[in-house]
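The form predicted alone is given below as one chain in structure tokens.
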Amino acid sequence: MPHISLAAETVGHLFGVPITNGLLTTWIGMAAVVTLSFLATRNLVLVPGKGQLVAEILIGGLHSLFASVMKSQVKQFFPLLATLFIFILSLNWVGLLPGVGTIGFREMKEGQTAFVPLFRAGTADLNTTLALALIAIVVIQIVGFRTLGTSYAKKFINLTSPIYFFVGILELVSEFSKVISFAFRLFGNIFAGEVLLTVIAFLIPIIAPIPFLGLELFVGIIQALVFSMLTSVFLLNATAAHNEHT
């Protein structure tokens, strides 16, 4: 039977800290991004080679995309937005590599032998998506206070009238709901794709999974783009004056 687990499984310990298969795959994705970035930028020249050309097209395209949303502020926030996009995309795609979800070991659980995969898509682990969501929301709040000062707090606490007070409560609830929305949207889409590929590979293991792999490649791009684009929109709203935001 195919192995499907909602939570990431522990595959080992490092200095007493449990290492899950999702975390292990995340480290692989991070190593791949760092290595490719180093290889593409170690010898920058005016006439780029193939590696530098691909990197310039990717970064230039992302810059133009975020500039269409953030206008003049794109220079300030582009490093964060591009990092989120590339990192999430790498985790989404690493989860589609052969062996992810199929290479593992067996261990005893509740008196029964259970298969534990050694690798799992990083973004199919709710811990990872929740951490990314918290990073995005915390940065948004910091940027809001740095840009607008204490007046940013009026978005959440406004005692000038009962209506503004309740609107502020709604805004505060909205900020917490963004964390849930960010985390569960990314986790749900990637985990659902992982389950789909596992079931299809179990039923028809050779040819049938190929179209779904192509679909999941596309979904991986879309989810990375949605996460980073929403972050850019929320950053733009956080830096707008309160009356302009209203």
Partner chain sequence: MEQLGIQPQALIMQVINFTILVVVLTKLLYKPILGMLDKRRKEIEEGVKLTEKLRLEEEKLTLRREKLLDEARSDARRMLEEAKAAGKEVEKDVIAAAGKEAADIVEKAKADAQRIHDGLADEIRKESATLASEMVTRILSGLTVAEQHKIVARNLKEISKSN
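Note that this is a predicted model, so its numbers are computed, not measured. Numbering follows the first chain given and starts at 1.
Only in words, not in the display: the form predicted in complex with the partner chain, which the text now covers.
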Any non-hydrogen atom of residue 94 within 4.5 angstroms of the partner chain in the predicted complex
no
Using a 4.5 Å heavy atom cut-off, state whether residue 127 contacts the partner chain in the predicted complex.
yes
Taking heavy atoms only, is residue 177 within 4.5 angstroms of the partner chain in the predicted complex?
no
Would you classify residue 4 as touching the partner chain in the predicted complex, given a 4.5 Å non-hydrogen atom cut-off?
no
Indicate whether the candidate residues 23, 37 and 184 are all in contact with the partner chain in the predicted complex, with contact defined as any heavy atom within 4.5 Å.
yes
Note which of 217, 65, 199, 55 lies within 4.5 Å of the partner chain in the predicted complex, where distance is taken over heavy atoms; exactly one does.
55
Students should find that, of 172, 148, 114, 131, the residue having a non-hydrogen atom no more than 4.5 angstroms from the partner chain in the predicted complex is 131
Could you tell me which stretch in 94-102, 73-81, 140-148, 161-169 has residues with non-hydrogen atoms within 4.5 Å of the partner chain in the predicted complex?
73-81
Go through 23-46 residue by residue and record those having a heavy atom within 4.5 Å of the partner chain in the predicted complex; state none if no residue qualifies.
23, 26, 27, 30, 33, 34, 37, 38, 41, 44, 45, 46
